[in-house]
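Consider the single chain below, provided in structure tokens and representing the form predicted on its own.
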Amino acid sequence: MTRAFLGLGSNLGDRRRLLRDAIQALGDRVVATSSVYETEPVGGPAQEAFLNLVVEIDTDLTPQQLLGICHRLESAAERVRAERWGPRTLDVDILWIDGIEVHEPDLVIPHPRLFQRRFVVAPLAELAPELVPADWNDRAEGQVTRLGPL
């Protein structure tokens, strides 16, 4: 089994329920979940605040298989891809897989903006501080508010 981290976010509908449902669907792969953070949108159109968290999983899936699961979770939440960085019921990104780098048109691991966005780095730092650069707080953009457990 390999350790991986997924970033989950939602800013449409019942945000907490959508995140909870996605985590439940991951089943026994889930090792840990970070606190929930309310975050301002970064990039894209004006929109409502997101709820974000990071999930640590154990997996024996290939990166492409894991990407398929991420897309199925988004589909189950009825995500509509109408606008890049637009509002969404659920967004699931592969952030990191231990020992694996991928550079494909539809998938880059580690996530290319992993350490640039506070809504990813803050929850990741809870679960895997050894992965996060010491100066992340000076470099990451966006505002976050830690809300506590999901």
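These numbers were taken from a predicted model, which means no experiment stands behind them. Heads up: residue numbers just count along the shown sequence, starting at 1.
Beyond the structure shown, there is the form predicted in complex with 7-(2-hydroxyethyl)-8-mercaptoguanine (GSY), which is absent from this document and is the topic of what follows.
S.K.: May I ask you to choose, among 98, 40, 58, 104, the residue with a heavy atom within 4.5 Å of 7-(2-hydroxyethyl)-8-mercaptoguanine (GSY) in the model of the complex?
M.R.: Going through each option in turn, the one that passes is 40.
S.K.: At the 4.5 Å heavy atom threshold, is residue 29 in contact with 7-(2-hydroxyethyl)-8-mercaptoguanine (GSY) in the model of the complex?
M.R.: Judged by the heavy-atom cut-off of 4.5 Å, residue 29 is well away from 7-(2-hydroxyethyl)-8-mercaptoguanine (GSY) in the model of the complex.
S.K.: Using the arrangement in the model of the complex, list in sequence order the residues of 106-121 with any heavy atom within 4.5 angstroms of 7-(2-hydroxyethyl)-8-mercaptoguanine (GSY).
M.R.: If the 4.5 Å heavy-atom criterion is applied to 7-(2-hydroxyethyl)-8-mercaptoguanine (GSY) in the model of the complex, 106-121 yields 117, 119.
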